[in-house]
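In structure tokens, the next block holds one chain alone, the form predicted alone.
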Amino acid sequence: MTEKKPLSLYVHIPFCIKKCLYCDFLSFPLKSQTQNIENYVNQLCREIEYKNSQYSGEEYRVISVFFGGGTPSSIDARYIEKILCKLRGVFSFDKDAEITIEVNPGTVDEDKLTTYYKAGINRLSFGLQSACDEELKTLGRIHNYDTFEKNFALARRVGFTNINVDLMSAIPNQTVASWEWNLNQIIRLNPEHISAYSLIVEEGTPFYDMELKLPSEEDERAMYAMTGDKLLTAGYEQYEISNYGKPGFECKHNIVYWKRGDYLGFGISAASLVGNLRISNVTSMEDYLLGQYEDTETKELLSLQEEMGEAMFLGLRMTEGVSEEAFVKRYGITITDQYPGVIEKYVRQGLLERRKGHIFLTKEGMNLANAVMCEFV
């Protein structure tokens, strides 16, 4: 009997209480979409059946599910339960499949968390961003730190033993000292995983049109270096540019993305990758509710060159880097032959290292990651 291939599933819940000032994800304020929520969930369930028949069938086993948004916890928990039930009814799940839901402090209570837990969700990702109330106001978040702490304690009481906390550095008016204070607050709570991202001011967001007092590039680098050092001391291993986990608690779902595994996305704007086929869903709520999940123009067969470029670009995000043996096995050519001179150039500059059959970014390379990784796409 042929062993089933691993598959990850992403479910996009595009509703939130309030859109944050820095957010460029496709999402809608909940109050403006109340009449659409149930119809949206029903279409998600139909799309799950459709995509299974079109792209996966019986040859896959699900190793991870991720409910993202928007704010998935902003809608009634019974909808999440219904979607997860549909996924389990359609796909074959590993017994230890990682099932994550993003939650925003202030949008969950004990009943909602209990519903998630009983439905089989085994990982929470709290969108905290900052432990400082003034910084939260600056970002346009709906919660304060006290609300987060209470929600975190509730999650533990319900039984969750795998919790991620999102933090954001280099935000307006933040200092190196205030960032250190943020880290200390979260380390004290001892979550299993911490994602620490730097703010990127994206065009089309309210932040883009505002005059912001952002930390200097030097301070931003100091924050990044401090993050790795403090979290390592606290028992967290950095396994990706912005992600740190206790041993055994690395996010399986995101690793699939970085290693270019197969995944299916459901909901508006969700992306899928099956082999060398990339699919992007429609971005119009009206079209999606009519059952128009995909547009033929959003299906793209990647060339071998594009696949290899993505493998390098995404793989270098991980601290383990890219396996030279796995690259040859998958693409039939060595990294050196595919990118003559590139690896050697960055090794000489101290930005890449080649060791034990892997090519990976050095500490200095992490600071200049985008410049290095862009060489491959």
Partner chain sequence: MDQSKIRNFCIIAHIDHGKSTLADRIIEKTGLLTSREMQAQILDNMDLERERGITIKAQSVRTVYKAKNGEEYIFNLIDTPGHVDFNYEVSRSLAACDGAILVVDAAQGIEAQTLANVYLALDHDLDVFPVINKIDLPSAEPQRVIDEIEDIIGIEAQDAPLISAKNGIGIEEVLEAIVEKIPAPKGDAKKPLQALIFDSLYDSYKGVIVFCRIMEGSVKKGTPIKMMATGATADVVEVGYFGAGQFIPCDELSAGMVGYITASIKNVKDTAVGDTVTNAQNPCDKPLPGYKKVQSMVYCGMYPADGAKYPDLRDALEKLQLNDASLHYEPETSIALGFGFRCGFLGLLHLEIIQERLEREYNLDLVTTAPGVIYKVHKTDGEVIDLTNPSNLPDPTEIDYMEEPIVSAEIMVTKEFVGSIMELCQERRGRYIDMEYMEETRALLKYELPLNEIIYDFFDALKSRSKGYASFDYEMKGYEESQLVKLDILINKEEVDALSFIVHKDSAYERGRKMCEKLKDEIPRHLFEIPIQAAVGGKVIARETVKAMRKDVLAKCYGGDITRKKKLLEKQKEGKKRMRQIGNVEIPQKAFMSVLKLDEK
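Residue numbers count along the first chain shown, from 1. Because the structure is predicted, anything quoted here is derived from the model rather than measured.
What comes next is about the form predicted in complex with the partner chain, which does not appear here.
- Figure note: of the listed segments 307-315, 327-335, 46-54, 26-34, the one touching the partner chain in the predicted complex, with heavy atoms no more than 4.5 Å away, is 307-315.
- Taking Arg88, Arg221, Lys230, Lys82 one by one, only a single residue has any non-hydrogen atom within 4.5 Å of the partner chain in the predicted complex, and it is Arg221.
- Distance criterion of 4.5 Å from any heavy atom to the partner chain in the predicted complex singles out Tyr257 from the list Phe93, Tyr208, Tyr257, Tyr117.
- Not displayed here, the partner chain is approached by Tyr263 to within 4.5 Å at the level of heavy atoms in the predicted complex.
- Heavy atoms of Ile200 reach within 4.5 Å of the partner chain in the predicted complex, making it an interface residue.
- The partner chain in the predicted complex is approached by Leu302, whose closest heavy atom lies within 4.5 angstroms of it.
- Using a 4.5 angstroms threshold between heavy atoms, Tyr346 counts as touching the partner chain in the predicted complex.
- Interface residues of 352-377, taken as those with a heavy atom within 4.5 Å of the partner chain in the predicted complex (partner not displayed): Glu364, Met366, Asn367, Leu368, Ala369, Asn370, Ala371, Met373, Cys374, Glu375, Val377, in sequence order.
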